[in-house]
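Single chain ahead, by itself, as structure tokens, in the form predicted on its own.
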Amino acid sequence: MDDTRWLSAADQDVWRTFVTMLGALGEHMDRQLQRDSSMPYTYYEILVVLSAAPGRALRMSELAGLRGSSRSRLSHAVARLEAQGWVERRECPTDKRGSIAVLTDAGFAALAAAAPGHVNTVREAVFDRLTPEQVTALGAISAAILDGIDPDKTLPGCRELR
């Protein structure tokens, strides 16, 4: 017996619009950061997470979890950030198998330089297009979806928006 709960035509339209928007928004953010700061969106987000961490440092495994990334993909990205001088990888003092990613002063400066253009792009692409009520609804919808796929709340994001 097939227990699949198929999407209605209206649900399919919403889902396809959502997926298209999500992909296009990520590409839009990436293009702006590449153009204005020579930095992929993925690298920007790694720098953001490190900048908010105590001592601007996190274990690589924790950083991968917070970014929702595989360890191998994160390791490659951090290697590129190291080559830029924006991140240093240090040995973990409590676990010789682990390593810690540390945001350097140069990385913090690169983040600070990229942030204004990125924030303007976010504002123009998202918040300027929505009413205050839609912004509130977007926050609540995003939090509800995150709660469903990340019930242990390991991913960053404010979920107190309801």
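Nothing here was measured: the structure is a model prediction, and the numbers come from that model. We number the residues from 1 along the sequence you see.
Although not depicted, the form predicted together with the DNA is the subject of the following passage.
The listed set D105, D36, D95, E124 contains one residue whose heavy atoms approach the DNA in the predicted complex to within 4.5 Å, identified as D95. Mapping the unseen interface onto this chain, A114 falls outside it, with no heavy atom inside 4.5 Å of the DNA in the predicted complex. By the criterion of a heavy atom within 4.5 Å, S70 is counted among the residues contacting the DNA in the predicted complex. The DNA in the predicted complex comes within 4.5 Å of no heavy atom belonging to H118. In the predicted complex, the DNA lies farther than 4.5 Å from every heavy atom of V48. Counting a residue when any of its non-hydrogen atoms is within 4.5 Å of the DNA in the predicted complex, the hits in 37-62 run P40, T42, Y43, R59, M60, S61.
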